[in-house]
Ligand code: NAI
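Just the one chain here, laid out as structure tokens, in the form predicted alone.
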């Protein structure tokens, strides 16, 4: 029985992953603002530090795998909260729990990271660890750029970190998934937004419909398991073909 921590475990993809792994007999440590073993707010430094300490206590210092799943969408206000949760919250948990990890970790990114404008000063501020500047840029640019930039930075951090001595060199795999539009409470909230709703609905999905949380959970479960032993710094797009359709010459 593995000991697995999942942030954002109370709803959406995190809840689907938790259900899948619990059914398989794994011991779960959920991290969320409600209905979890560890109640924490990942949008601020104190909350992140508390989450790391409480997970370490719950697992007695040994964690097999970790999934940084907690995140918010472009409709969340203020936009500064998006970068604090989507990048800094995820990165802090991955880095903070690294010494307790024994096998693997997965970060949940997004195919929004490939949107025009994602690669810019906001993503750079995230990767530089400058949360104050990243929050300022998010407020100036708005929800979509904040979400895209934060998720791009998270995927890039995974790519930068995974091959290094602290991760793969220490025997711990680090990879990411990049979901597309998945029918979760978060997406539903975005669809109901007067500005972001039409933008979300306009995204083409070659497979024909929004994804299901269970489909993303399956991809994460693969990356956590032994069949992914040769994956290092991979960002697996699970988006119904949206990225392939819009960027066929990029890989």
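Residue numbers count along the first chain shown, from 1. Being a predicted model, the structure only gives us computed values, none of them experimental.
Keep in mind the form predicted in complex with this ligand is missing from the figure; the text below concerns it.
- Since exactly one of 172, 94, 181, 158 fits, which has a heavy atom within 4.5 Å of this ligand in the predicted complex? The residue in contact is 181.
- Query: So which of 63, 42, 219, 29 reaches within 4.5 angstroms of this ligand in the predicted complex, heavy atom to heavy atom?
  - Reply: Only one listed residue qualifies here, and that residue is 42.
- Task: Just one of 52-60, 221-229, 190-198, 65-73 has residues with a heavy atom within 4.5 Å of this ligand in the predicted complex, so point it out.
- Result: In the other structure, the partner sits against 65-73.
- Message: Taking this ligand as it sits in the predicted complex, is residue 12 in contact with it (heavy atom to heavy atom, 4.5 Å or less)?
- Response: Yes, residue 12 is a contact residue.
- Message: Within 4.5 Å, heavy atoms only: does residue 101 come near this ligand in the predicted complex?
- Response: Because no heavy atom of residue 101 falls inside 4.5 Å of this ligand in the predicted complex, the answer is no.
- is_contact(residue 186, this ligand) in the predicted complex, heavy atom dist at most 4.5 Å: Yes, residue 186 sits close enough to this ligand in the predicted complex that at least one of its heavy atoms falls within 4.5 Å.
- Looking at the partner-bound form in the predicted complex, is residue 79 within 4.5 Å of this ligand by any heavy atom? No - in the predicted complex, heavy atoms of residue 79 and this ligand never come within 4.5 Å of each other.
- Query: Hey, which residues along 107-131 are within 4.5 angstroms of this ligand in the predicted complex, non-hydrogen atoms only?
  - Reply: Contacting residues: 108, 109, 110.
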